[in-house]
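The chain below stands alone, shown as structure tokens; this is the form predicted on its own.
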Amino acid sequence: MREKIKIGKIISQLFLLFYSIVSIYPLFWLLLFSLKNNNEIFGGNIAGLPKHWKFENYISAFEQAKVLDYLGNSVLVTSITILIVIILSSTAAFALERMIWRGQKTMMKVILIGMMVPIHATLLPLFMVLKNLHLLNTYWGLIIPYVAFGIPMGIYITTSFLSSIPRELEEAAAIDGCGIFKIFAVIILPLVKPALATISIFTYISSWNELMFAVTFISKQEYKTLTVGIMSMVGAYTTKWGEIGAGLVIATIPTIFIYILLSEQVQKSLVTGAVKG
């Protein structure tokens, strides 16, 4: 029996090792790709180690392609979007889940309908609205749509998490003299950190990698985000693919860092949902 258990553990560990290699290899390949020139990429050495390590691809990406400026724009837009989504989602979820008022369930259904609206179906109406409000070629021209599409998912995740928290905690705080704002800030917010971490990751991914709105609503160079900046590195006649690879590596690093930073909180939120179910 013990031998069978050991064999099973070995097989599962080998499978996990294989899965890890398959998952990590694309990142390793992208790193190698960013250190090659066009001759190597199109000359049959697409998957091997670079014959000449072109670290100047990163220098060119920063200096000539202005990837650092695009990176700063993406960080600014994404950070403000995440902050606003977290604030609005947590407060709205608290009102929808913990307070009792007329039209509560109807309002929840209306908000969740937003999850069913395809983002590309709103491209033309949003363009006209932003044009009339003179928000094209501004940071807010991207932040407002990103927030609008991030709130329904944020409210759904937060309300699901709030439903697993005992109401007795809030009742005890109210007996001790806490007002509604203090209950929310002192009792609720610390408990819903895993849900807020999950919202942050989902909002980050959708905002950081978004291209359609960024291309349509932004045409001025100083407001372009990283996805648009990398796309603009493709030339009409020649394209330095190694520099594009360097830009993609730069764009990927923050994603990996944020997921490592918040992955523990996301796991807690998933475990809580599983226990509740």
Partner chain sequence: MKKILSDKRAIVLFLLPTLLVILLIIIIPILISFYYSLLNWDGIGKGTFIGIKNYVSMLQDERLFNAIKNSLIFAGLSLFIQLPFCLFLAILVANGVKGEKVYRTLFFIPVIISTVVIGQLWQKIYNTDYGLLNEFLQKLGLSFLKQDWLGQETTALLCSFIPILWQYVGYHMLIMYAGIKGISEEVNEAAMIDGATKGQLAIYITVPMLKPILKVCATFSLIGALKVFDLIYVLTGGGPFYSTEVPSIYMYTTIFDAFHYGYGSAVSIFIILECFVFTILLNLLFKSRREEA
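For clarity, every value in this text was computed on a predicted model and none was experimentally measured. Numbering follows the first chain given and starts at 1.
Only in words, not in the display: the form predicted in complex with the partner chain, which the text now covers.
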From the candidate stretches 156-164, 69-77, 191-199, 177-185, select the single one in contact with the partner chain in the model of the complex, where contact means a heavy atom within 4.5 Å.
177-185
Is there a heavy atom of residue 122 lying 4.5 Å or less from a heavy atom of the partner chain in the model of the complex?
yes
With a cut-off of 4.5 Å between heavy atoms, is residue 110 one of the residues that contacts the partner chain in the model of the complex?
yes
Look up in the model of the complex whether residue 55 has a non-hydrogen atom within 4.5 angstroms of the partner chain, and give yes or no.
no
I'd like to check something about residue 91: if you look in the model of the complex, is any of its heavy atoms closer than or equal to 4.5 Å to a heavy atom of the partner chain?
yes
If we check the partner chain in the model of the complex, which of the residues in 123-145 reach within 4.5 angstroms of it by a non-hydrogen atom?
123, 124, 125, 126, 127, 128, 129, 144, 145
